[in-house]
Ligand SMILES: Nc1ncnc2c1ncn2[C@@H]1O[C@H](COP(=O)(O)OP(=O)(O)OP(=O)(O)O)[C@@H](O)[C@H]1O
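The chain below stands alone and is given in structure tokens; this is the form predicted alone.
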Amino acid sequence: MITLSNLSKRYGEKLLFERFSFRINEGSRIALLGANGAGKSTLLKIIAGLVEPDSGTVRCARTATVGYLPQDGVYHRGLTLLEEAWTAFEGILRLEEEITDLSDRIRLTTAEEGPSSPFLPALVDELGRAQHDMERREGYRKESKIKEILFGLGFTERDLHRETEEFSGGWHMRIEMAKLLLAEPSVLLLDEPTNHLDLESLEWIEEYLRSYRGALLIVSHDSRFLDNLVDQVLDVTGSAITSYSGNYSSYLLQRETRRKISEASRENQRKLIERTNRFVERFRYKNTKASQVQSRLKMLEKLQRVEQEVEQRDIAFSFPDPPRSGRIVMELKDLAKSYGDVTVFGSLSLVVNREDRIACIGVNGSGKSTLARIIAGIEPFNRGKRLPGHNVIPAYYSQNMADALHPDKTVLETLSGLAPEHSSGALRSLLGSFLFSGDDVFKPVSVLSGGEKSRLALAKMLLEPANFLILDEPTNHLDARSKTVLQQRLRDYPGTLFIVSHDRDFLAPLVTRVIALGHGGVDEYPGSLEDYLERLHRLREPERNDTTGKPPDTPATADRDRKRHEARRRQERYRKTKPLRESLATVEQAIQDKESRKAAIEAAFADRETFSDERLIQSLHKEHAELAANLESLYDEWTRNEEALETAEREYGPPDSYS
């Protein structure tokens, strides 16, 4: 549908990508990955026609339509939510006019020329095509479609007639997402679509996109979201874009395998060059070896060097060792909070204990960020008590802190203004651990990308040791590698954590307690996030499926619940093991191919005629050495994949255990 040919783009001195060619086919499911500032959003904008490439072309099929969701910055005004959603149907409204016009022309032609008119077949065919297109886009049930999507994204019946100006920025992005889904473009470009979603709407949109009939090209840091949706990955690294088949987990395995093979090839080539140079130096001035010396020199000249892969730098930091707090870190008693006539909390009570690792979840508007700010001591409340524990030193990070940085200050000034007691060298060292090195520290905040601003805001947290971290959506705008480093550091952090996040894979290894906000109160769930989600799914299944009005605990319902649970376990097992099996099969095929080639070379070594051709024997020796190194890496990779597969199968049990 869309063909990209030799695309290149540069911003100032920075080359984003060069001579990139690719094709987006009907039904493609593609993730676009790379570090912050690598050019992912720029590539989406080029495909959407919003940015011009420096060179190259983007060609769309005549019937292809493209929808683009940016990370942020979309606002709607002047209409109610329902009216704004209706604007997504401009294409369908044009189809309705076309169907009406064709029907009128058919009636008029039949009346004037009779049913045997030669013009009728073409008109009838055109009407059939338009009606088929209308049915495909479900144009005959527009209002029910609007409500299905808006309610799935977290809006309520009461919201439908509210003016769009009443909604906050995150809800405006949901409105834009809803309009795109209603318009059903043949190619959907999504730039960090999960940033403004809560867990419930995230799971809904994930399920909806699984059955989306168009192509998807997604930029996201949410690894589970990508695992569940994509079957191809484009990795933007160092002005090159590399394609991998499979989902996100499969991509990680393939990328590591490719890196090891490349390293082994470089090392083998280095040894070959070293041996050849020693031979040349030893026999350069011996007439009897002159032809061999020249032969080896020519071989070195023609040798295509294996380039070292561009190493992506990762943020590298650790939280300062915090002082020990009291047993109770924070207590909230009968807390009430409202904004005007809108009550957020009626009477909320909560105790946070030392070394608690809490995930705070809930639908947007339930008060998660408000609660985080109250706990951090930066948000007033109407009634109740906030009681910090003994020796508690909190540190607060919010996704909005990155946007609140002073745009005219430099990176270094941002920190020095907050901690004048720290030397410039100490601050520059801290900034270096967040990838601000050299002259980067003198960049004004206004030119930083979203990810760079987030890293700078995180660096501010490390100026002083804290024993209670309050993090509000800390992974928004962070690339996958930075998110992984942050997750690792939080796993090692010895203090208390309170995290607001919708990123399931980020939270899963971190939390031991879940609090869910809603209806002005809080429900607490001891245990992991996976335990909570499983419990939530079990509670929702009867609501979704029991339309008879019968109690959900009848034997038939219990049997259905059991079967649904078994089906979900099968799906989880399949999702977990599929990329491992695919990678294992790929490695096994590679081993088989290389072992066959290695055996053929060894057979050639046993043939006297081989040694009569010096160039051939040199080439075979080089290839044999590379094969041996590659096979060693492949066998290591096979062992790791096999162990990972066995672990996953032990976790979920054999397939027949679900029947």
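These figures come from a predicted structure and were not determined experimentally. Heads up: residue numbers just count along the shown sequence, starting at 1.
A second form of this protein, the form predicted together with this ligand, is not displayed here; the remarks below concern that form.
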Query raised in the report: Looking in the model of the complex, is this ligand within 4.5 angstroms of a heavy atom from every one of Gly152, Ser186 and Tyr212?
Result: no
Requested in this report: Quick one: find which of 624-632, 57-65, 587-595, 39-47 has residues within 4.5 Å of this ligand in the model of the complex by heavy atom distance.
Outcome: 39-47
Query raised in the report: Quick one: is Arg23 in contact with this ligand in the model of the complex, heavy atoms, 4.5 Å cut-off?
Result: no
Query raised in the report: Are any of the heavy atoms in Gly451 no more than 4.5 Å from a heavy atom of this ligand in the model of the complex?
Result: yes
Query raised in the report: Would Lys443 show up as a contact with this ligand in the model of the complex if we use heavy atoms at 4.5 Å?
Result: yes
Query raised in the report: Are any of the heavy atoms in Val342 no more than 4.5 Å from a heavy atom of this ligand in the model of the complex?
Result: no
Query raised in the report: Of these, Thr484, Gln131, Thr110, Gln71, which has a heavy atom no more than 4.5 Å from this ligand in the model of the complex?
Result: Gln71
Report task. Taking 4.5 Å between heavy atoms as the contact cutoff, choose which of Glu192, Glu84, Glu200, Glu473 touches this ligand in the model of the complex. Result -> Glu192
Query raised in the report: Using a 4.5 Å cut-off on heavy atoms, which residues of 9-36 contact this ligand in the model of the complex?
Result: Tyr11, Lys14, Leu16, Ala35, Asn36
